[in-house]
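Next up: just one chain, as structure tokens, the form predicted alone.
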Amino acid sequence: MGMTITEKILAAHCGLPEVVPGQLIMARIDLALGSDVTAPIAIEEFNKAGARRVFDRKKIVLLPDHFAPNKDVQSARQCQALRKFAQEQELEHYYEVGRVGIEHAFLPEQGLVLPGDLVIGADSHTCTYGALGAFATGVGSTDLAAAMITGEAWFKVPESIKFVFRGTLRKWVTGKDLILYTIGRIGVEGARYQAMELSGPVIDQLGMDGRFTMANMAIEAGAKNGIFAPDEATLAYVRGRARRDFQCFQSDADATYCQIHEFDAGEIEPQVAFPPLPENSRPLSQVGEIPIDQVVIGSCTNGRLSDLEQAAQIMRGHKVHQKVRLIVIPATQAIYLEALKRGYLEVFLEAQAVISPPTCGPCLGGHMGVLAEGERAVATTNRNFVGRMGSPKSEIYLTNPAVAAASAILGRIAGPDALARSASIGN
């Protein structure tokens, strides 16, 4: 019987010739990840268990990115806990502020995650690495502690859902729009504890940044993981980054899927997800007049170089609306530096935006852009839950970077086409 790419990776990591959905397995991990929010709990459990050494100091990654640079004393303590543990255990992969970035952009950038890997992280958006053809999923801090000790984690093999995207993308439609559209169709529980396998001619033409965005938001459909079959684009990305050997897996032609969804990408407009759930996605043309107070361009979802490039393309020659504040957050130090060299940051500064160092910051209501009561934000982040970015009486609308940039200029939710029409009328 054929297996899906997810099943093949899990089978390879538990030493079995095959696995089937619903099967419980113990599998060895290639990488375990913790941040300043989740790792301190794991470290505490590690110590409670009486463990003295981690199973492999090269396979654990700790980095401060959520409340870093430290926003208060408590966040400083959490970051300190990571730093001390990394020093005590002589971890090879601890990255300090100034040398790091948002974890789910940083790890692939550094070649720490590769095709065929099995990766766990005490953060739900660990599923981002599925863009590389890895099985990657979020776990709790106690599971992270156990993995740091044993090098293994338990899984129930998920069923797989296949998503096939055909047709031709419209202008300004990105991976963010494809995944918001998909979540809008199946709902936030539509893939609960299932593998979302993303494929089709449109995906074949989608760049790696767009794939990272889509895999990142698989969890917003309830998925265990999101995954793409590695292709030449994948290999081009990992060549020169990889620090070790890797293996690419592909689904068999006779693999079994519990569902198959096929979409015509030509019918998909830029999407806007209304609060309070990512499933509340609507075509931009059906949004109406919604004034805003803040725009955030960044996060592990859309803080990569191509995202900043797209936003800068829209912002060039414009100013942020007088009633709006625009916060731009490059996802890593390397992205920050390259955006600086290419002039993107100059565009944002001339437009009167503020540029933050790499951090998750406002995405989880941490810092660098928390919302007050009654405020409304457009964000390229991944969640728009009640209170996610601050006050429970605030609102978050999820979009792609082009729509976010145009909205910052116009002071309302709108896309680049509306901005062009506005400029034409103004002239």
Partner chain sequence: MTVVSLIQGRAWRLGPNIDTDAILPANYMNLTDPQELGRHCLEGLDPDFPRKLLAGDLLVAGSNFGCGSSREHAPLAIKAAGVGAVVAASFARIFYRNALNIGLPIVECPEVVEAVSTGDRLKIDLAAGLLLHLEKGTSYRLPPFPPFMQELIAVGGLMNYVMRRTKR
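Residue numbers count along the first chain shown, from 1. As the structure is a prediction and not an experimental result, all values here were calculated from the model.
Quick note: we don't show the form predicted together with the partner chain, though the next part is all about it.
With the partner left out here, the partner chain still marks one of 199-207, 237-245, 185-193, 253-261 in the predicted complex; by a 4.5 Å heavy atom cut-off that stretch is 185-193. In the predicted complex, residue 149 approaches the partner chain with a heavy atom inside 4.5 Å.
Within this chain, residue 368 is remote from the site of the partner chain in the predicted complex, having no heavy atom within 4.5 Å. Shown alone here, residue 54 lies farther than 4.5 Å from the partner chain in the predicted complex, counting heavy atoms only. Although the partner is absent from this view, residue 137 contacts the partner chain in the predicted complex, with a non-hydrogen atom inside 4.5 angstroms. Taking a 4.5 Å heavy atom cutoff to the partner chain in the predicted complex, the contact residue among 326, 219, 114, 315 is 219. The partner is absent here, but in the predicted complex a heavy atom of 75, alone among 310, 356, 75, 89, sits within 4.5 Å of the partner chain. Residues from 115-138 that approach the partner chain in the predicted complex with a non-hydrogen atom closer than or equal to 4.5 Å are 122, 123, 124, 137, 138, in the order they occur in the chain.
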